[in-house]
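Read on for two forms of one protein chain; each stands alone as structure tokens, with the labels structure 1 and structure 2.
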Structure 1
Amino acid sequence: MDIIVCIKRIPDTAAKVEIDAGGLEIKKDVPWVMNPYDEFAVEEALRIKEKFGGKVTLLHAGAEGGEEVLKKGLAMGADEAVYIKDRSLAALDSMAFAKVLSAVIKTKPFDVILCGRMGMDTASGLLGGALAALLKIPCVPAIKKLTIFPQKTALAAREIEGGMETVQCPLPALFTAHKGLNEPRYPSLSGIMRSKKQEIKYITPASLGIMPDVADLKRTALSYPTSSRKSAILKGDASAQAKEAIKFLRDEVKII
């Protein structure tokens, strides 16, 4: 099986994110990590390869710093890492990324493509669906279980509103990984050593003959959310606090 995994690089979800002096970018000196959902995607790819043999290729598109997340995926056990690197890829438009990635994927053999359910930076969750549409292959989003059959079909269990659904589709297909799909492995020491020797392949969008075009979509401002929470702290006896809370529920929330 040829398996392709798309990985995104995001600021650690626990990190403090601040706007830089120019007002249109965030300060870059935050800890950056592999998008957590993509770890499930890498893990699943490795499990498919362990079962059927084949090759796991990682793809990442971005303007800078992607080496670290690609190396992490290699250390987990992936065979190859491709980095589509270009300054024009700094914006956070999943559709533009999907076009770039699809151009690369079209040059490669593949049976399974895995993405994360969504990037935890933009919470978009668009790229997988867009990539599948561009490649004209089936897309099964938010999967929690995946079974691949040698005759190139797949059964996947996915989250739907208020429950789960099991679907079947032929390969090649694209799946987006949800939490619960698996427990991502930690890179082993030998994996880390091996990944140091594995070279990342660089590609420019120009060499693919595409110009990522996000001109229609322009960031005009970044701001902090405004919070008007009062943070009143109640202390003491439970029933006295409960009486205070009732006042709040009646006078402000107005639900009693």
Structure 2
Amino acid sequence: MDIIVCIKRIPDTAAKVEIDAGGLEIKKDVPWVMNPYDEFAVEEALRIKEKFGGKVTLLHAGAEGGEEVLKKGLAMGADEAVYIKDRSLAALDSMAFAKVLSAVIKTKPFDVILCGRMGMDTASGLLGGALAALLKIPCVPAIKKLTIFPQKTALAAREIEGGMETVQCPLPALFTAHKGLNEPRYPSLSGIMRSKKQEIKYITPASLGIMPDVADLKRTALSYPTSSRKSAILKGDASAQAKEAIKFLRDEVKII
């Protein structure tokens, strides 16, 4: 069973995030970690490998610093790490990243692709669906249970409003991991020592014949959330409340 896991590097959600002077990038001294949802994806890939045998390949695309998250995945038990590294990969939208990742995946054999449900930094949740569409394979998002059968079919369960939905699909297929799918393992000491000896394979977008800097969406600025909010309790009937709300939005909040 050939399994590919797409992982992302994000700022540690427990740390204070600081933005550079240009207002475009997060400062380099902020601690970075593997996206938590991607940890569920790595763990699920390892469990599939333990059941059926095969190979787990980690795939990361970014401008810099991805070695740390790839090494963690290798320490958990992955077999191979591929890093698409280029400055042009900074601040791209999900569709552009999907194009880059799909170009690499098309060169490799795969039965299962796993991603996190979303990146905890941007929280767009678009990458998995976009990647599956480019590869022309089924996609089941936000799964909480996955069963792979020897007949190259899969049964995935995901939470929907009011219950659980079970989906059956043929392989190859892509699944995005939700919290509750499993409990990610901690890297063992032997795994950490082994990962130090494992080489990371580097690829550039140019070698793939793609132009990742041509994207429909690009980040133009970063800013901190509003530190305080204004509120008001509206009184009277509907007409009076409407007039009071308009006055509040005009005079206090100043958005109309």
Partner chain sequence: MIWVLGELRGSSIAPSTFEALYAGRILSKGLKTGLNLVFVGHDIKIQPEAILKKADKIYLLEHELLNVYTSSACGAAVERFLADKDAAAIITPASLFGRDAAPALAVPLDMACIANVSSLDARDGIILVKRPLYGGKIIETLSLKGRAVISVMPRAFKAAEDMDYDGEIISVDASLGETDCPVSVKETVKEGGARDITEADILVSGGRGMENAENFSLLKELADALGGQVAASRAAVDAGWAPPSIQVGQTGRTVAPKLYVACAISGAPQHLAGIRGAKYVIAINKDPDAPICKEADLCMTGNVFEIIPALIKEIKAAALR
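Residue positions are counted from 1 along structure 1's sequence. Note that the coordinates shown come from a computational prediction; the quantities given were computed from them, not determined experimentally. Here the rigid core means the biggest group of C-alpha atoms that line up within 1.5 Å when the two forms are laid on top of each other.
- Shown as structure 1 is the form predicted together with the partner chain, with the alternative form given as structure 2.
- Shown in the overlay between structures 1 and 2, fitted on the rigid core, is a CA shift at E244 of 2 Å or greater.
- In this core superposition, K235 moves its Cα by 26.5 Å between structures 1 and 2.
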